[in-house]
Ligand code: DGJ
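One chain follows as structure tokens, the form predicted alone.
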């Protein structure tokens, strides 16, 4: 096979090279010297070109003198396992019943199809089989990789110490840079770009969720890529629990990224006949810089990850910041009326509706409507909301329990705990073990009943407590819960959506604590942060959209001063920031003035007009949040919408015309507010004039309608 194909897999028998083609890239690996060697991941090649490529090994073996201190293949193997002269990052580590740890795997078969490839390997002595899977998705350059491990024996378990989904090897470059996000509660997804350190750099979560502190993706380049130019390799793990990414940079300047579930110190006892499957590790090579990489990931998520990507996400109102725990049917009904007047399409009742007190100390786990707050249950409020033309939604937190609850008093064994150790409470909560059948059955039953009895079309699924004392006394393999809890959450969500096709779910974990491709496969949007401060949100949302599309990013307009930061910002600035994602309202509308409500209604109406562009269009980051003077975003399909933000005016830094990106050369556009018309070439090379208000936290939105 010598012709370049748009997608599919091939095999060159002369060189034992497997070759995978996406629309714009090629990936190749080879069987050589009894091992799987990585050959190529990058620009599109023909099969003949890929087969002719040499296999690069670390050069120590070719140098004169002793090589006993070097590992020839570290950083170049397609999937590195523990065993032999290997000292780099292993993707697979096991311990057999007799104490042996090293693996000696040999390929025993492969199955190739147009949409992917599976390669099977077995240990030469022990009854262990590994299957490496590669999957191609139509219309995307993403390659999805995963692995499975099978104990073929009939007597002894095998202890699995580390089992990654994939290791991704980059081509040789003079330098490497890493892009990733870091943060904390209220300051999630803050983008960082830094030179890849020699040695091993580990990104991880040991918290049972993806966490506020890191996110399971990394982008790499040679240090010269920018927003609109350069080669970018990126990897993302589709897993909602604890995870680990290890970036290895060898002394001879090779870089690889190993990705998998779990973290250091936990293991899995693989029983005879049992198979363990990893989550998917997705990788993509792009040219055109970080902007092109983001747009390619957004397109992949919309096409192949989200359950209903074509849908338009509604403008919602959430009652949390207006009421906190001071909740009752009268106040919720009044807020619903105000929200409908502003144009909200969905009303969501947040925490407090089931609790015996007006705080978070008790009641979590006892999912019964508080009769003192809602004497006739949810029916009157839900009917009132629907009569206003809005859908009805409810906040839930199925994975947590207060010790002061009927559920915990009846079933204290259902929480994560260890013998002879304290059950540490965080936010007055303990974590229910969703790896247990009885916990999943209990959660599924009350969630189904809640949706049925209220007619809810939306659940805000929260998770406010990281793991501690994570154990299951009496279990034969207590470490399994780190994986089985996440699988259990996924399973309950999947069953709920299957039973209620009109139900939509928002992923929340104290804000952005659980955000990943696996969660997006079973939810419709994500609450990116509990911090609704518009200035902070510019930076949070900048990091969020590096990989995840704006059409899943829920953002609220709340009160000023902000409840988290105390910062005061104009209503228009708060709206404009939230309008770059899925717009929501979360302020105390009863306290808004008539002028504020009129302005809000006008801005909601504007958002609905441009919503298809924001939620489904292509995102161009024209200027990042920390750029001198101005931050700007562009969303484009046929029409274009531009958002511009200036936080602090400075003498000598005016607002020059803003050059746009990605416009068809012969197109012409009309500003729907002013009527001014512009040619695409002028907008690209000279820029769009911007009219920003005076003062701090100024912003504007320009909607350009394509005329030809």
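Note that the coordinates shown come from a computational prediction; the quantities given were computed from them, not determined experimentally. Residue numbers count along the first chain shown, from 1.
The form predicted in complex with the named molecule is left out here; the points below concern that form.
Just one of 598, 427, 192, 125 comes within 4.5 Å of the named molecule in the predicted bound form, counting any heavy atom, and that one is 427. None of 508, 555, 293, 540 but one reaches within 4.5 angstroms of the named molecule in the predicted bound form through a heavy atom, and that residue is 508. Contact annotation: the named molecule lies within 4.5 Å of heavy atoms from the stretch 344-352 in the predicted bound form, the single such stretch among 608-616, 478-486, 344-352, 135-143. Although the partner is absent here, residue 464 sits close enough that one of its heavy atoms falls within 4.5 Å of the named molecule in the predicted bound form.
When the named molecule is considered in the predicted bound form, residue 530 lines it closely, a heavy atom lying within 4.5 Å. Interface residue remark: residue 180 is not counted as part of the site for the named molecule in the predicted bound form, having no heavy atom within 4.5 Å. Taking the partner from elsewhere, residue 162 is found to have every heavy atom lying beyond 4.5 Å of the named molecule in the predicted bound form.
Heavy atoms closer than or equal to 4.5 Å to the named molecule in the predicted bound form belong, across 390-411, to one residue only: 395.
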